[in-house]
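One chain comes next, on its own, written as structure tokens: the form predicted alone.
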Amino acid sequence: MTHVVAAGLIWAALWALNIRLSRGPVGQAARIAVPLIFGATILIVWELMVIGLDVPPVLLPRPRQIGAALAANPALLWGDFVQTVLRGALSGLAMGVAAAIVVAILVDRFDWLRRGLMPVASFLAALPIVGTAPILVMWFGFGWQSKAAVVVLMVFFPMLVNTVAGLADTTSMQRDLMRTYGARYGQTLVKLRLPAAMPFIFNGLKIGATLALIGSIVAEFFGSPTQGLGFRISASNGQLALDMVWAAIVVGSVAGSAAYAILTAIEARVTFWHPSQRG
């Protein structure tokens, strides 16, 4: 019971500290400190509550036990990271994004294609991943190729919709001005439409990066070599090794957060002119 009381006091103290920091001048130090303190608060309270309530590790391991599993299996988790993130998710994301941008340009160029393809794209985007993943694993095998195929399917349609919307995000005055200068479609695309579409494209990329990781992990539940974050979660759960399950989840979460942060940093440099990047 002492641990539970201590958890409550620590939560209250760090919560008050975070509120004070948030209400003060929002500098670079505050931007970094607030999420770090919040994350530390969750870990400390988690640790103390599990000890105080005597929760079995098979139900919920302590953060210290998860950290020990991470420290004890770096080579194993690195191999899982390479298989799931670098081979499956990253390759599928690259192919899905490239295909979506090419198709979006064709849709923007030919109106009949827009009317025919976009409703079909909306239908296919709603297909459940738990239904399509086993089929793609049967088609492409247990290797990373089937995971990349699942990722392409998940990433393609959100990226397509965002890119099409971005290419259309120009005013009639801007388009008329380009025609007045005698610009061809290709010149208008490079000089006007693609730059205007960049905020939408990066929005699709950030959504796609998250979906890519989820798709690659879920696809491994339906068949994979003895490696990968999805395989590790499934196998460790069957062995009741919940510390390894959470360790694999942590690796996936860190990878997803890092990808999102990298894309956000690139977006800030590429779309510095956009109102969303000001202030």
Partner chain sequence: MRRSVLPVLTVLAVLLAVWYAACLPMNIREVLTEAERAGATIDPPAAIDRRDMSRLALALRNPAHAGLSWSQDRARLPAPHQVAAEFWQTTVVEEGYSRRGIVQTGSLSNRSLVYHAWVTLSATAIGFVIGAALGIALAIGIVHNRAMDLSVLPWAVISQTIPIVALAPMVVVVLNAVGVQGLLPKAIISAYLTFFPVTVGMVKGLRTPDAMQLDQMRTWSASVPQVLWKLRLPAAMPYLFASLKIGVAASLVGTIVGELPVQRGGLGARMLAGSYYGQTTQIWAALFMAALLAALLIWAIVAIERRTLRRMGVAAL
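Remember, it's a predicted structure, so these values are computed and weren't measured experimentally. Residue numbers count along the first chain shown, from 1.
From this point on, the text means the form predicted in complex with the partner chain, which you will not see here.
A residue is said to contact a partner when one of its heavy atoms sits within 4.5 Å of a partner heavy atom; residue 253 meets this definition for the partner chain in the predicted bound form. Heavy atoms of residue 266 never reach within 4.5 Å of the partner chain in the predicted bound form, leaving it off the interface. Shown alone here, residue 18 lies within 4.5 Å of the partner chain in the predicted bound form, counting heavy atoms only. Contact annotation for residue 53: none of its heavy atoms lies within 4.5 Å of the partner chain in the predicted bound form. Checked against the partner chain in the predicted bound form, the residues 110, 185, 78, 123 give one hit for a heavy atom within 4.5 Å, which is 123.
Out of the listed residues 101, 168, 135, 189, 135 is the one that sits within 4.5 Å of the partner chain in the predicted bound form by at least one heavy atom. The partner is not drawn, yet in the predicted bound form one stretch among 113-121, 67-75, 190-198, 88-96 has residues with heavy atoms inside 4.5 Å of the partner chain: 113-121.
Applying a 4.5 Å heavy atom cutoff to the partner chain in the predicted bound form picks out 58, 59 from 55-85, in order along the sequence. Look at residue 129 and residue 232: in the predicted bound form their Cα atoms move 3 Å or more farther apart than in this form.
In comparison with the shown form, the Cα-Cα distance of residue 129 and residue 242 increases by at least 3 angstroms in the predicted bound form.
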